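Let's start with one chain on its own, the form predicted on its own, as C-alpha cells.
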C-alpha cells in the first residue's frame, strides 16, 4: 500500500494505492493519520482510485484519518461499499476518554462524584418520606438477612481486632507511663480512646471492608444484569426495595458491633495490665470512674452515623455501576475506599463538634 500527499488547490489530497486491508494498512497507519492531522486548516480529500482491495481495517484507517483531521473530508474514487462501511463506523460510539493519570486525578474523580452523592442522598430521603405509602416494598426479612451478614458474621472479626488493638495500645502506653509511676492510668487512656474514638472508627472500617463492598458488588451485579431496570419497569422503587433495608440493618448492627469491639479491646488491655501486676479490681475501678455515660452515648451515635454513611456509599457505588467485566470490581473498590475516607472525615468533624460542645 502506498501514500502520496498532493496539493489540489486549497485542499490537501491523500492518494492511497494498493491493498487497503489488514495486511496493508499497518505500515502506513501512523503516516496517514499524521498527514491528515497536518491538514487540519485545509479541506482534506481521500483519493481511493488506486485502491485494489479493502476490508474493515481499511475503513477504520479512513475513519481515523477523518477524526485526526477534524474537518470536512471528501472521498474520491471510493466504491459504494467503502462509503457505506465508513458511514456505519461514524455512527459507532467513541471509546471513553482515558482516566486522568496525573497527581490530581483522584481529586477530579472525587469532585465528579459529588453531584451523584448529593442526588443519592436526596433520593434516599424521599424514599424514607414515602415509606409509609410503600411499606409493602420494605421487606423485613431482607433487613434481618442483611443484619445477620453485617453484624452477626462480623462479630468474630470485631472481637479479634478489638482485642489486638487493646493489647497493642496497653503495651505501647505502659512503657512511657511506667517512667512516671502511672501504670494504673493506662486503663483510663485505653478505655477513653476505645469508647470515644477507636471503637466506632474500627467498627466502621470493618463494615466498609466486609459489608460495604459486598453491597456494592451485589447491587452492581444486579445493575449489570439489568435487574434494576426490571424493578423500575415493575414500578418497584430500587431505593425502597434495595437500599433502605440495608441502611436499616446498619443502624441495627453498628451499636452492637461497636460495643463488642470495645469490650474486646478492654479485655486485651486488662490482660496486659494484669500481667504487669495490676489487679483486675483496680482496672475496672479506673474504667468505670473515668468513662462517663456521655462518652459511650457519643461513641454509639458516631457509630450509627458511620454505619449509615458506609452502607450508603456502598449502595450508591452499586447503583452507579457501569458496563463491562471490570465494572463490579471497580464499584466494590470505590465502596471500600469511599467508606473509609468518609468515615475518617466524619470522625474529624465529630471531634471538632464535641470539642466545641465541651463533650
Partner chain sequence: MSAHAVEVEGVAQVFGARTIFRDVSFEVETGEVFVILGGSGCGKSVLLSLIVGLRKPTAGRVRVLGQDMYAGDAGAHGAALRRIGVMFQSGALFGSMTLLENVMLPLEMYTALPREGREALARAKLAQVGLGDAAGLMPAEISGGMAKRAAIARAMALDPPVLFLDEPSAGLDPTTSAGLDALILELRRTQGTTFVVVTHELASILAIADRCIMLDRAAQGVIARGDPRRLREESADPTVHAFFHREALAA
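It should be emphasised that the depicted structure is a prediction, and the values quoted were computed from it without experimental measurement. Positions refer to the first chain, counted from 1.
What follows is about the form predicted in complex with its partner chain, which we do not show.
- For the candidate set 121, 274, 232, 281, a heavy atom within 4.5 Å of its partner chain in the predicted bound form is found for exactly one residue, namely 232.
- Note on contacts: among 227, 81, 148, 76, the single residue with a heavy atom within 4.5 Å of its partner chain in the predicted bound form is 227.
- Contact with its partner chain in the predicted bound form holds for all three of 137, 222 and 236, each having a heavy atom within 4.5 Å.
- Though the partner is left out of this view, residue 241 does reach within 4.5 Å of its partner chain in the predicted bound form, counting heavy atoms only.
- Note on the interface: of 188 to 196, 256 to 264, 164 to 172, 129 to 137, the segment with non-hydrogen atoms within 4.5 angstroms of its partner chain in the predicted bound form is 129 to 137.
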